[in-house]
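Look below for two forms of one protein chain, each set out as structure tokens: first structure 1, then structure 2.
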Structure 1
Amino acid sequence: MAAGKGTRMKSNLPKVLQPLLDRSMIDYLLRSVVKVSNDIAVLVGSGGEQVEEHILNNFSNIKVLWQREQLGTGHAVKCAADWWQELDDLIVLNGDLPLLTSQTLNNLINKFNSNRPDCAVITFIAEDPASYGRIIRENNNIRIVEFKDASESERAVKEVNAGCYFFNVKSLLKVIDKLKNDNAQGEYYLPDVLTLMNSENMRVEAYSAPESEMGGVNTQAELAQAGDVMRRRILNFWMAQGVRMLAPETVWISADAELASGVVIMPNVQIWGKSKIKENSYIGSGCILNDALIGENCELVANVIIENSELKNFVKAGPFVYIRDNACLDDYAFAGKFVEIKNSHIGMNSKVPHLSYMGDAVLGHDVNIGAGTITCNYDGVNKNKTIIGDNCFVGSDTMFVAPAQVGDNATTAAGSVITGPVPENALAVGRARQVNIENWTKLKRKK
């Protein structure tokens, strides 16, 4: 169920698309769900076009169903009946349960399958039951009363409805049309199905699940809290795989990232998207990686930002380096202090040690780029390429006016503006010859 307005988020973005770490909140739940079932539908409504597009783009096997008017969770399930009425069993989940794991879901499915009740509702004991629906157990029956409809003594109950229900479909079909909306919110409540089932002498059970997985996310504060739980879970997972972190409380890793054992992560590091880091690489303080592929034994000294780019093995970078847009640094390459590398290939063992911009460049192996060297890749209309052969020595502060081509083993003189091709083995000097005016200082002082 993802059709609700999410009013309490106070945001234009539909609640289930609110970002948790670097993904939409609903992705986490759906990833758990796809591990336990092949027959999945998401019910959308408020902001539904956006949610539908997101689901279709990210989960090709999940159906999207519509609840055009949001008249409550009971109404929501009824709206989807065309889809579920042919199934044997139905699991209904609130869309705002990002922390629910597939293991817990599996355990609950097994329990439901061995007991075969008409309905099982998942509950937990809440430290602060806040506005959750309260679980009322009386006369051997289980029912739910919403906070807004609850009496003082019902509100004191700490066992709450987690928003996760298991139904025998035939049993659900017998009662769902009988739901009424005569309650404090004027909504059709799915929890009222339990009361209807009780009166039909159907069997309703309650299974408990860990509170740490069942918290519903309704507000920005709860979203941040869930992000913190998820963050901690991801860090613990990678530490168990042999990743070392000096200050895990300062580290952020996305659910899609992959790290190898022996990786060391210093304080204040963020690793987002589908980043991958192989064995024994060192990620220094202040590094931010997004869709970065880092090979084995790399060293990111500190404050290296890498976006959608690859470092092969034994690459060293930083401090203060920005590598972006499909850049690739081959084995043993080096990008040093205050260097930006964009959409460029830096060949094996080539070095860009200081204050350089390499944009749309291809460097061969064993090239040394002098400090302050820049590719002038943009002519105001197009981005042009700079191609530098193997074993070149580029003098400090060379400007390559692209398109530029430098043959193998060539050298450029410091301060050169390179506007034409440089042949193999040549020295290119592209600067005004120095002129000395003798005694200039004395002449000036006389004036």
Structure 2
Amino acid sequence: MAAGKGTRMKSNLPKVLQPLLDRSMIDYLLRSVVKVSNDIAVLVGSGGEQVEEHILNNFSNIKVLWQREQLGTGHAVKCAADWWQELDDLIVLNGDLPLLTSQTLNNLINKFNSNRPDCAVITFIAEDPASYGRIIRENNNIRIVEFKDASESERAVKEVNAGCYFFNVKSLLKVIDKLKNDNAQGEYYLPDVLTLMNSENMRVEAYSAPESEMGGVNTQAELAQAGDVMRRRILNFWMAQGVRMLAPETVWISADAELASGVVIMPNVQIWGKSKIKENSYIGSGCILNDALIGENCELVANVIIENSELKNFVKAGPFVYIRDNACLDDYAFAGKFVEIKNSHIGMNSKVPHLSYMGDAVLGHDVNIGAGTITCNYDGVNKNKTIIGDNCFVGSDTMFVAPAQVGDNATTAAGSVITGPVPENALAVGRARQVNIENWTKLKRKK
């Protein structure tokens, strides 16, 4: 169920699309659900167009259903009846349960299949029950008492309703149309189904799940708390796989990232998107990776930002390097201090040591780029390429006015502006001849 407004989020974004780490909150729940079932539907309502688009783009096998009017959870289940009434069993989950694991869900399914009740309500023992509906067990019956209707003794009960249910579909069909909305809100409440089932002498059970997985997310503070729990889960998983973290409390890793054994992660590192880091690579403090592919035995010294780019094996980068937009550094390449590399290919064993910008460039192998070198790739209309051959030596403060091409084994003199092709084995000098004006300082002061 993902039809609610989530007004307490104070956001124009639908609640289930609120970002948890770097994915929407509902993604985590759906990833757990797809591991235990092939028949899945998401019921949308408020902000449904956005939610529907997200589901169709990311979970193509999941059906989207609509609750055009938000008239309560019971009404939501009734709106979906055309989809679920031909099933044997139905599981109803809230969309704001990002921490529910497939293991817990599978355990609950196995228990339901073993006992075969007409309904099972999922509960948890709350350290602070607050305004949750209380689970009252009496005379082998289970009933839910809403907080506002509970007596003092009932409010003392710590077992609460998680808002999730397992139903035998045939049993549910017998009572779902008997739901009434004679309450102050004029809504149809799904917990009332349990009362109807009890009156029909159906068997209702309550299965307890961990509080750490069943607490809903309704505010930005709760979203942050859930994000921290998910972060620690991810970190613990990778440390169990042999990834070393010196200060895991400062590290953030996406649920989509992949790390190999022997990777070392220093403090204050962020790894987002579908980043992959191979064996024995070192990620220094302050690095931020987003959809980055890092090969074996790479070293990111510190404060390296990599976006949608690849470093092959034994590459060294940093400190203070920005690599972005489909850049690629081949084996043993090096990008040093205060370097930006954009949409460029840096060949094997080539070096861009410091204070340089390589944009839309292709460098061959064993190229050395002097400090302060820039590819002037944008002419005001188009981005143009600079191609530098193998074994080239580029002098400091060279400017390549793209499109530019440099042959193998060529050299550019320091301070040159290269506007035309440079042949193989040539020295290109593109600068004004030095002129010294004698006594300039004295003449200037006298004037």
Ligand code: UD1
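None of these values were measured; they are calculated from a predicted model. By convention here, residues take numbers in order along the sequence of structure 1, the first being 1. Each form is matched to the other, and the largest set of C-alpha atoms that superpose within 1.5 Å is called the rigid core.
The form predicted together with this ligand is represented by structure 1; structure 2 is the other form. A displacement of less than 2 angstroms separates the C-alpha positions of residue 12 between structures 1 and 2, with the rigid core held in common.
Relative to the superposed rigid core, the position of the CA of residue 182 differs between structures 1 and 2 by 2 Å or more.
After superposition on the rigid core, the Cα atom of residue 432 is displaced by less than 2 Å between structures 1 and 2.
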